[in-house]
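One chain comes next, on its own, written as structure tokens: the form predicted alone.
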């Protein structure tokens, strides 16, 4: 087989790597116009609308399998929605048009627009419920940490694998009352905790580069959509992830069953959540530790985006200038 034939037979066209960057750029710019206005729903709606418009320009037969909004009654790119031109590869799409709606509304660091795209039928199709998660970066023996193990045990196991003391491990945890016992357990093991108010997609991604981020492990309960998006990113850059849907009511279990979830207590490994070629993109809305936020200047708009692909392991950082007379004109 020739190399050109091999390239053309890859499941996702490489041009989509740039195309999905355009999608998150548009969503980020739309949300950024409402930074600091105190209106979470308006910012989320702007990001959703922009993301939907741009996705419908893509040459794909796309289905939203991870949407947002059911739990928070936010505007939705709803699960099952069809997007794209209807011509091109059949793909599954996971979206969080504005991760960190509160961060954007308060103009705080770390709000991003993010999405993942994978071969049709290869992304976990899950309802918008909570998910218990654990994640670490690449380079460790599989199973070194486990979702069902006590936090202290995971901290000690990770420290041993890294060749350091538990005191040198830092865990990232969402700052929520439900995590009081988890935080206490991590600190009892001797490790430090970095708390975040929102943004656990970026939080999980931080574990992939502890030398830069200072984060060794992610622990705790966050949104299932964010869990699938984070798993998509780790599928591209390496790492371990486990998650379990929290289906604690009959209504949630029924919703999950309609989406094909047969075991409500299943512990999902990374490879259960992302089984095919996958693309991941995120654009900064407000400047955070991972991405710079949108910057409005005279005559142009600046964005910073990261795009990843699992089949090649490529990570691209795109700093773009969008001229005002182009598609990103200021309204």
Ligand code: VTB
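Positions refer to the first chain, counted from 1. Predicted model, so just to flag it, every value in this text is computed and none were measured.
There is another form of this protein, the form predicted together with the ligand, and it is not shown here; the text below is about that form.
> Check each of 127, 220, 137, 223 and return the one that places a heavy atom within 4.5 angstroms of the ligand in the predicted complex.
Partner contact (heavy atom, 4.5 Å) among the options: 223.
> So which of 155, 174, 256, 105 reaches within 4.5 angstroms of the ligand in the predicted complex, heavy atom to heavy atom?
Result of the distance check: 174.
> Which of these stretches, 97-105, 144-152, 162-170, 229-237, has heavy atoms within 4.5 Å of the ligand in the predicted complex?
Careful reading of the contacts points to 97-105.
> Wondering, does residue 243 line up within 4.5 Å of the ligand in the predicted complex on heavy atoms?
Result no; residue 243 lies far from the ligand in the predicted complex.
> Mark residue 194 yes when one of its heavy atoms lies within 4.5 Å of a heavy atom of the ligand in the predicted complex, and no otherwise.
Heavy-atom contact with the ligand at 4.5 Å: absent for residue 194.
> Hey, in the predicted complex, does residue 178 get a heavy atom within 4.5 angstroms of the ligand?
Contact check for residue 178: yes, within 4.5 Å of the ligand in the predicted complex.
> My question is simply whether residue 216 lines the interface with the ligand in the predicted complex - judged by any non-hydrogen atom within 4.5 Å.
No.
> Going through 195-219, which residues have a heavy atom within 4.5 Å of the ligand in the predicted complex? Please give them in sequence order.
In sequence order, 198, 199, 200 come within 4.5 Å of the partner.
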